[in-house]
Structures are given as C-alpha cells and as structure tokens.
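Given as structure tokens, the chain that follows is alone and in the form predicted on its own.
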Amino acid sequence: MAEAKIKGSKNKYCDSESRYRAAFRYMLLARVFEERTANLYRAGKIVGGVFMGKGQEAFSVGLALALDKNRGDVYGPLIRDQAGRLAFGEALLDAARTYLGSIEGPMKAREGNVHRGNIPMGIIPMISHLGSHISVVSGRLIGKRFCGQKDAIGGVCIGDGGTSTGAFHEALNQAAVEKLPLVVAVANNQFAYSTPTDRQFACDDLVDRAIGYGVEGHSIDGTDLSLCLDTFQKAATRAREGYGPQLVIGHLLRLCGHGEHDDASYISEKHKQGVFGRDCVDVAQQYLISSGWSNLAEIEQWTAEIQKEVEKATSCAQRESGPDPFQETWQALATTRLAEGNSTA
C-alpha cells in the first residue's frame, strides 16, 4: 500500500470544540494523577515503578478517542498511556487502586502496578515484552473475526525501542498478511530508555518501514493535539473500512525519566529545546485559549476540580486492603470455568 506522510495540521475529521476540550481534560487529568502517583512513590507508599507519560498525553489520547468500545474495539495501552486509558473509559479509581495494591482494583493486586487492564471493557493488560503486545491485540481481533464480529478494530501502543524487536516484526507482518483492522501507535520519544534513536534504527523516519510491511503509514508531530486527533481518526476509519493495519508514528520527547527512578541525565538541552521538546499540555492549552474555546479562568477551574478528583481516588485506594493469600484462588484465567483444576470445566 502507498505510504502516507502527514506533515500538516489541517483537520478533516475531528477538530471540533467539544472533542478538543474533552481531549484536553483527559490530558490534564492524566498529568495531575501521575504527578500525585510520583509523590506517593517518593513517599514510599507505592511499591514498584511509576512511569509517567509527560509529553506523550496528546498522542495517547488521540488514539483512544478514535476507538469505540461500544463497537467492541480493543485497546492495548502501555506504561505512558494514562491519558489514553482515561479517554477509553478506565476509571480513575481503578488506576489508583492498581498503583496502591488494592484488592478492589481490576487486577486484584496481582499484576504489579502498571500491568493493568479491563478485559470486559476491552483494555488489554500490557506485558513487559512490549513488541509482543501487538500480537496479543491482533489475537483478540482474529478471535473476533472467527466469531463473526466484523466491525471492531484494535489500537495498540508501542515505543520507538519496541520497534527494534523481533516480536514487533513478526506481529506487524502477521497483521499485514491477515489485513487486520489494527492501528499501531508508535511513540517516538527519542530514547529507548537511555538509548538514542540514532543507535536504534538507520532510516530517516520509522514510518519508512510501513511500505516494507505493506501497511499505510502516518508520521506526525505528537505534541500537536489537533493533529493527533485528526490522524488517529483517519487511521481508525481506514482500518475499519478494510484497508488493513495503520502505522502512526508520533514524534515527541519524553519530558521525564524512563521512570521515577531515572533522572534522565542523558537527555540533552538540544533535545529539550527542540521542536518536539515542547509540552503538549501547554501547547493544547494555548490552542484552546487562542481559538476562543476556553480561557485561563476555566482551565484553572478544571485543574482545581481534577485535583479534588485525584485526591479522592488516591485517598480511597489507600484505605482499602491488599489481597489476602489465604482467601485468594489465584486462578490464572478470569473465566472460572476455564481455570486450571476446575472439575466442572
């Protein structure tokens, strides 16, 4: 298929006031919540890692809002996709519960604090072998195809480092051969942990790989919310209409360390001052104000409301109990009748 490089910011699909305002609020909610989890981590109240999506919120929310869980769409987010998770429908309390090890969370405190999902809702729990994540979402789409569910599509997230794995090659190749309705969002945040992109791949742009797999490719400025909303909506529409996998590359910069344990000293001032070093939340806020869709007073009010919502969710999760090993079955599968050792299966 022909490769499509999208460079402009003209929006055909979804540059509407209501959609942009909603997207921005998800971005703001994700930012405030992650700042709160970082504080809890530094206070020793979160065990494990905390990985923030600072600088990636626009790209993340763009994919999630292009999906429709009411049509059976499947979403495979990763560690920096809090904004997308919220936009797809994850409850803030569920996120807080998982980070804080509450038994009331969707994963029942079994899968660490970032490997969370909600299978009935269509959110696939991420796995640390990130290239393999594409295969998992593809498998769900193939299963839906076998069941005659033809309208659903899938969205899956990966970073630039994950595209260097064999699992990425195998998964994208299979998706292309099967012509699966899959949107693959690659957040090129310039570093695979601390390895810069020029030590990962030799092509000018990761979108150049699209044509080799026979899929359609889109390369965008991942800090531009309007462009992210438009491009992902276009890609989702193409996938749903039968044009096969869509590879969307978002150029941006991770504005923090790989995790809260990492000081990101390897990120140079040149990167920070570059075009992709701008903060997508600030960019979106400026666009809202300049377009007349909001004003500073309203955004400050949103922020205050969100801070209360975040505090309520984290406080609730901290009061809840962790799992009791003597009461848990620890079955491997969510469907009881399929669990190992179930005599009625």
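One rule holds for the numbers: they count along the sequence shown, beginning at 1. Because the structure is predicted, anything quoted here is derived from the model rather than measured.
The discussion below concerns the form predicted together with another copy of the chain, not included here.
Q: Looking at 156-164, 232-240, 218-226, 87-95, which one sits within 4.5 Å of another copy of the chain in the predicted bound form if you count heavy atoms only?
A: Looking at the partner contacts, the answer comes out as 156-164.
Q: Does every residue of N173, V177 and R199 put a non-hydrogen atom within 4.5 angstroms of another copy of the chain in the predicted bound form?
A: Every residue of the candidate spot has a heavy atom within 4.5 Å of another copy of the chain in the predicted bound form.
Q: Would you check, heavy atoms only and a 4.5 Å threshold, whether C203 touches another copy of the chain in the predicted bound form?
A: Residue-level check for C203: yes, a contact with another copy of the chain.
Q: Mark H271 yes when one of its heavy atoms lies within 4.5 Å of a heavy atom of another copy of the chain in the predicted bound form, and no otherwise.
A: Judged by the heavy-atom cut-off of 4.5 Å, H271 is well away from another copy of the chain in the predicted bound form.
Q: Taking heavy atoms and a 4.5 Å cut-off, does H251 contact another copy of the chain in the predicted bound form?
A: No.
Q: Is D208 part of the interface with another copy of the chain in the predicted bound form - any heavy atom within 4.5 Å?
A: Judged by the heavy-atom cut-off of 4.5 Å, D208 is in contact with another copy of the chain in the predicted bound form.
Q: Give, in sequence order, every residue of 96-117 that has a heavy atom within 4.5 Å of another copy of the chain in the predicted bound form, or say none if there are no such residues.
A: Read in sequence order, no residue approaches another copy of the chain (within 4.5 Å, in the predicted bound form).
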